[in-house]
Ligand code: PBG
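As a starting point, one isolated chain is supplied in structure tokens, in the form predicted alone.
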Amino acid sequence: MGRLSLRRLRLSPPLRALAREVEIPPDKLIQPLFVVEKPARREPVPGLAGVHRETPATLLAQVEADLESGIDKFLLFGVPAGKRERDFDHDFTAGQLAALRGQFGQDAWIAVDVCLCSYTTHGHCGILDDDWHQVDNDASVEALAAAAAAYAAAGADCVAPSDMMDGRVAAIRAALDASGQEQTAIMSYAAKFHSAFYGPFRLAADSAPARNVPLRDRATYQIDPARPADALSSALRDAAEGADILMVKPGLPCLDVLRELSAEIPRPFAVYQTSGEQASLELLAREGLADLDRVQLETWTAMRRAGADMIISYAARRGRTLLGR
């Protein structure tokens, strides 16, 4: 009997392509978008090449360019100029959704983030109690459900609650159904961890918790990275409450969680390659320590290998170029 060779299938690009088990179709990629009410012109997001805080006018131009490059799925983050503690006005973000739908019709699939961090004076993802020591879960859920219904009415294909409040998926599903938006999907940030990989995003969305607030961070509502069992409980609850897609965030630090959840729960899974992850890859490349295209593809492959059906990535608009399709 001849010696077993594992190398023969690695010896040429055609053989490697034929033997490959994990594929990354470009239509599995979702591009985040930031649209900001206040700036007069678009601004680059630090650490994220090619990603900007768009104005309402440049948002439409960017989406048009993305569609021409083959990217047609988006996750929109609206950043209004006015900040409040409650009684939020969602007209700005809803207006951007309506403009996108009016210009591009069904050519673009548009999900919208549902959270309060870009709306609040304190930067937290919900409404705080009177002394700002804790999040008022029920008041926050009510506000989130109202936002989701407004976004769906404005044309969102999917609403994506990222706040991590208890019971928000059920409340959003009820609000959507009651307002005639039964066909609007929910992509829940089901396993969102209290991570250190969110830095550039918080600049882009103007959503960092204020330093003068007694509740200093989001550890009381986001999942502790050392509690993977909590992620399973959260994802199971969101699935039972009506989430159509479940998300794990961040991506690379949580591939073990993604693998476990996707095997356990029969729902499509999204993974969010966070701004900190993306900025890390780009920093490696700028320092000459890695080839950006190769590390980008390697990370996407790892996410697909761990069970991701779709990937939210700041580099999605480069996807067809990277994948050669």
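One-based numbering along the sequence shown. Model, not experiment: these values are computed from the prediction.
The same protein has a further form, the form predicted in complex with the ligand, not shown here; the description that follows concerns it.
Only one of 235-243, 85-93, 98-106, 195-203 places residue heavy atoms within 4.5 angstroms of the ligand in the predicted bound form, namely 195-203. Using a 4.5 angstroms threshold between heavy atoms, Y119 stays clear of the ligand in the predicted bound form.
The ligand is not drawn, but in the predicted bound form it has no heavy atom within 4.5 Å of Q296. Proximity of S275 to the ligand in the predicted bound form falls within the 4.5 Å heavy atom cutoff. The closest heavy atom approach of R173 to the ligand in the predicted bound form falls outside 4.5 Å. Checked against the ligand in the predicted bound form, the residues A145, A111, C115, I223 give one hit for a heavy atom within 4.5 Å, which is C115. Proximity to the ligand in the predicted bound form, taken as a non-hydrogen atom within 4.5 angstroms, holds for one residue of A150, I71, I186, C125, which is C125. Residue S162 is the only member of 148-171 with a non-hydrogen atom no more than 4.5 angstroms from the ligand in the predicted bound form.
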